[in-house]
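So this first bit is one chain, no partners, the form predicted alone, shown in structure tokens.
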């Protein structure tokens, strides 16, 4: 009765969780592209897309991807054999245990008419599959906590997944071991399945099980007479052999039973088998109920992501389906860290310490953000910085084991954040290059608004500087910049205007001084006069293409472009400091 209640409760929670997940796939809005697409349109588009794929030549692509990438995990094998071995051991071992052992009444018993869980090869296979999972978990622990793969972050979800799986497998092996050694289990099986009544026969059978099957008896100890064992073997062949193979085939459980022999009788008297059975069953049911709400849900969402990305293509697929797929991809992420290991912008994490620069950590934060969880302004800025620092090199997408199109996801989420979030100074850096390449996919006014807001946030308008309202820059940072300026030889500038003459940005405007505030040679003169605030307020430093034409054509070898970089870094540090101080002030007031 209790078993049935637990089973149906966990099944209900599991099904409810899966339905909730699917509902979020069609309800949550992600980034810029989902603004004008409602739930019904996404459902309709998904139905059409699935139907169109199944009844087309693309079904062959799905079959190929399912076999190579879902079943045999080709993507993981290509990147790292050890990680592939870990995935295959856990995935294959657990799925085979689920089908052969947990669902044995519905699958194994239907396939094999004479099936009993205590018969071989099922004894052996159950231990073999369980050992596969244990080996996979050992590799997972080794990689995360001993090998310490670079940039592989372990969060609470990773701990929960490892702990739940470990409890299920370890409790299962201990349960089997206690059953092998339990005299109570032996007596129960004799009463239920045999016709042995005479004490002499019972003594012979029990002696054989103690000698050969690992049972621990309070009454019979080794050594036994050979004649007694032969009599016990005859009784065993007549009454037990049809449904009970030698426990030695359960190599892991039998070995563990031998270790437990000194305490086997105490465990048996304390009801060890029953306690371990409840622990094992509760862990299984807890894992089933928790699965839709944990990272383990990737065992469902991951294959869907692989199949969807195999047949979908930007520009050809319905935008509604792309939006749905991108939300689903947040659940497909395994948090394996492969993307972070290959990320070309990850060096910025080492300098800034913002974990959201790493793609795998960014996925965790994005999921919280899109789910509507309340994040502080500093947390949102951290996510924004992580996305804007992305160079869109596409290395993360190429190595993702579940096929998530991360490059496309970053572009979409980045645009959504900057359209409604805080002004992001990184839009004015070379990292905005990819956004510039994609500007024609956006309305013109929506492309330029965040750029203007970022400029104002960093340096303010040039007019305000003329009116003696400059930014108040940090003194220590100014000293550092002064040293940098000396190293870059700006003092050698004699305003020949060669840098301005060759600048492609200046040449693109009819009235460049109005558009750019200060021209390159004017910025150099400001630095020479110590007017760092005025120089940092010029739009020119943000519109600079970093083509190095000015620097290469300077007759005095002034490092003009490098000085522009220094000014930008100085301005951004000042804005970040002011923003942090404002955040702290607001917290104190609250």
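Numbering follows the first chain given and starts at 1. What you see is a predicted model, and the numbers here were worked out from it, not measured in a lab.
Omitted from view is the form predicted together with ligand HEC, to which the following refers.
Only one of 289-297, 178-186, 84-92, 439-447 lies within 4.5 Å of ligand HEC in the predicted complex by heavy atoms, and it is 178-186.
Contact between residue 243 and ligand HEC in the predicted complex is found at the 4.5 Å heavy atom cutoff.
Contact between residue 123 and ligand HEC in the predicted complex is found at the 4.5 Å heavy atom cutoff. Proximity of residue 129 to ligand HEC in the predicted complex falls outside the 4.5 Å heavy atom cutoff. At the 4.5 Å threshold, heavy atoms of residue 173 stay clear of ligand HEC in the predicted complex, well away from it. Only one of 354, 317, 419, 194 lies close to ligand HEC in the predicted complex, with a heavy atom inside 4.5 Å, and it is 194. Proximity to ligand HEC in the predicted complex, taken as a non-hydrogen atom within 4.5 angstroms, holds for one residue of 328, 161, 383, 205, which is 205.
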